[in-house]
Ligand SMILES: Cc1ncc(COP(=O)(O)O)c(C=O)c1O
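In structure tokens, the next block holds one chain alone, the form predicted alone.
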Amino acid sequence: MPSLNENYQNLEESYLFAEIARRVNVYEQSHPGKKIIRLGIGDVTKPLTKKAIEALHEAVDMQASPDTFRGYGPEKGYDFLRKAISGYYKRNGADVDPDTIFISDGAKSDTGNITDLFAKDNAVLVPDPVYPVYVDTNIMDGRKILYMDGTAENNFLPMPDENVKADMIYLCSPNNPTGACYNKEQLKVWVDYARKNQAVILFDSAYEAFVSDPELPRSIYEVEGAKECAIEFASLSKTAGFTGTRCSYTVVPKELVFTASNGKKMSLNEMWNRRHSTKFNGTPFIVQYAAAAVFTEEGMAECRENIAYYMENAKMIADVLRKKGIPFTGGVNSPYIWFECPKGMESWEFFDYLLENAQVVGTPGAGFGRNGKHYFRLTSFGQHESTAEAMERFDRLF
């Protein structure tokens, strides 16, 4: 009989979105014919852009010819895509070497898989509320998890506590679930803290394309010293609607070198390259070809059109919340709107109340941590018509 990873016993019984799906399914079965509007899971509804679709078709045709066929590709990703991403960073104010960029199939995958590089005795610091993957993957590994409070008092942007020592720090900006966004000065404080404590920041920038304020950073590498302490994860899921197409990229700077217990210097870039090439056969060529088209001038213009569409939805949601006097964050520089549950309700109670009385589905804040107990998240990724109808129902309800 094999010995099992008993850390799995420490996980919550049901993953957040699986529990949401279960409750909605129960409601649908007992209320046939009721129209349910889903503003919960952050999945996009706009189709892939014209430029991405054209590139996909071209890449498929290339696979049909012996002269242009591609089999196994480089595990790190094709040069044409990594160079395109490097150029994208440069246009947005960050200098990122293409050789430090690794192409993958999702930021969710890499934020979990990156833990392979770190020993089990590292202390992990995560914000609360937090994207569940950060917590669950480290519970699976048996690491000690420390929490920093994100509250209305600090605008859901916790800052370092010098009395807390951590080895791995998860930050997400623009934040999922709260929609809050760190400014450069705040990120500089985090970078200084990490360098002082020889910690590594695991920076999730999956929603960077939604930042419209030019004063706000879209990459942690816009901050001096970040390459010495930070790994960044980014994705085309929300930027270009690749939630079903699957393409992301992780940046592991070569400056990230630490001393092992035997005195040997170990490079996280080299370690991730070894891990990547050992456990991953690469993102499909046709997907990478389409991703490269996204980073062209025309491709990014199309993406900005889609993002503007979603941000109009965010404004609809924010306008109703403002009208009702309900405190919220997000909705600007972020596709998520995080608000305080009306009438003092707890978040799962409000989930059931909203589903029962308005047939609108959101995400209970409690699923993101104890500080989300009285909060709720709506996403702006629906269609205009469904979002407008959902907020009309919400308006009537309160």
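Nothing here was measured: the structure is a model prediction, and the numbers come from that model. For every residue, the number given is its place in the sequence shown, counted from 1.
Not on display, but discussed next: the form predicted together with this ligand.
Residue heavy atoms within 4.5 Å of this ligand in the predicted complex occur in exactly one stretch of 313 to 321, 85 to 93, 276 to 284, 104 to 112, and that stretch is 104 to 112. With the partner removed from view, the residue among 209, 169, 223, 172 that has a non-hydrogen atom within 4.5 Å of this ligand in the predicted complex turns out to be 172.
Contact annotation: of the candidates 328, 182, 134, 295, the single residue with a non-hydrogen atom within 4.5 angstroms of this ligand in the predicted complex is 134. Across the proposed site, 176, 204 and 246 without exception bring a heavy atom within 4.5 Å of this ligand in the predicted complex.
At a distance threshold of 4.5 angstroms between non-hydrogen atoms, residue 227 is out of contact with this ligand in the predicted complex. When this ligand is considered in the predicted complex, residue 250 lies well away from it, no heavy atom lying within 4.5 Å.
Residue contact with this ligand in the predicted complex: residue 238 places a heavy atom within 4.5 Å of it.
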